[in-house]
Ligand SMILES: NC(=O)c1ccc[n+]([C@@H]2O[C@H](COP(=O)([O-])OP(=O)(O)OC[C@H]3O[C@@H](n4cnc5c(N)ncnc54)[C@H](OP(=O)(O)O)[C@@H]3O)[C@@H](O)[C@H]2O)c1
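The chain below stands alone and is given as structure tokens, in the form predicted on its own.
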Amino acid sequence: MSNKFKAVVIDNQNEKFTREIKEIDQNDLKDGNVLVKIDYSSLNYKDALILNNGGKIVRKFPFVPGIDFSGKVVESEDSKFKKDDHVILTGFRVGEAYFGGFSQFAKVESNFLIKTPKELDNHKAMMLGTAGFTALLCAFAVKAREDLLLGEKVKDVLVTGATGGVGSIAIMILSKMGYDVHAVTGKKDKHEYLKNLGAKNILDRKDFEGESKLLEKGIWDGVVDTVGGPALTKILAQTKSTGIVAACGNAGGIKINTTVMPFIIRGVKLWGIDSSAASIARRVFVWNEASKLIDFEKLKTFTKELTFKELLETYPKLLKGEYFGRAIVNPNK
């Protein structure tokens, strides 16, 4: 086997940022104890930021981005993984601090990997990718109201940023769990798409703008908030007693102007979702639940497979809000 392979390489020399498809050597892979031949990666918003200019995230150059991947083990120094095992990686700062998934090979720490569940395959795993994994974590956080906290049964769940990757998949999962999903979007042409995913009701994002009272009428048993910012203030005020708000995004801003009232009067839980640092045990549980909760035929209808060249053409559209659906990256095309 040749030690040369293709990868997307970003660089920043003399304040000139570049991104190119290059041939690199396996000796350039200096991290970790497991070598993986990558089958698929996916394009996430964080990837787009990094491909654009490093996103103030990547500190060492030249660098191979890509925050997730699925593939097969080539070599392993850890007995937990053997040659040809199918594996999934999301997070752990791979694609940020360690060479990532926009490559034909990656070398990572064994404790960053889980084995691909038998009910999935590596293609389906990256149809979900980090967005799908985050959506699953959010859905199980909402479900914790009735399971873990032994509270009232969840009925009405709000999902913001509903047409995005996390939002779309969250709607599918929450609907499958039996909840009434209320999707928030500013895109009027996507109402039928959201209903097809399982949304019972579509709300305009303008409904969540403006000043909020300390507490408003309690409407939501649970919330998956992919947006953050000022709307989250109103959402917290509208969450029912013992409701759970799973927050996983900040495209709408990083600040909220709230009070302690929702938390101490209603016992609302603001549950931060950090998919990058989720424990291995939680990853194994969530990925093994995926096949029960995801309609992959439906997911396939809004998933596009990209080559490296198409990846470099597509990421600017994602940053501008012009790309719709999931994008998986095939490094071997």
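Quick note: we count residues from 1 along the sequence shown, nothing fancier. Bear in mind the structure is a predicted one, so any value in this text is a computation, not a measurement.
The following text describes the form predicted together with this ligand, which does not appear among the structures shown.
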Contact of residue 90 with this ligand in the model of the complex (heavy atom, 4.5 Å): no
4.5 angstroms heavy atom contact with this ligand in the model of the complex for residue 271: no
In the model of the complex, residue 261 touching this ligand (heavy atom, 4.5 Å): no
Residue contact check: residue 106 to this ligand in the model of the complex, 4.5 Å heavy atom: no
Segment that reaches this ligand in the model of the complex - one of 172-180, 212-220, 226-234, 150-158, heavy atoms within 4.5 Å: 226-234
Within 4.5 Å of this ligand in the model of the complex, all of 41, 65 and 316 (non-hydrogen atom): no
In the model of the complex, the residue from 71, 165, 101, 243 that sits within 4.5 Å of this ligand by heavy atoms: 165
Residues of stretch 193-207 in contact with this ligand in the model of the complex (4.5 Å, non-hydrogen atom): 205
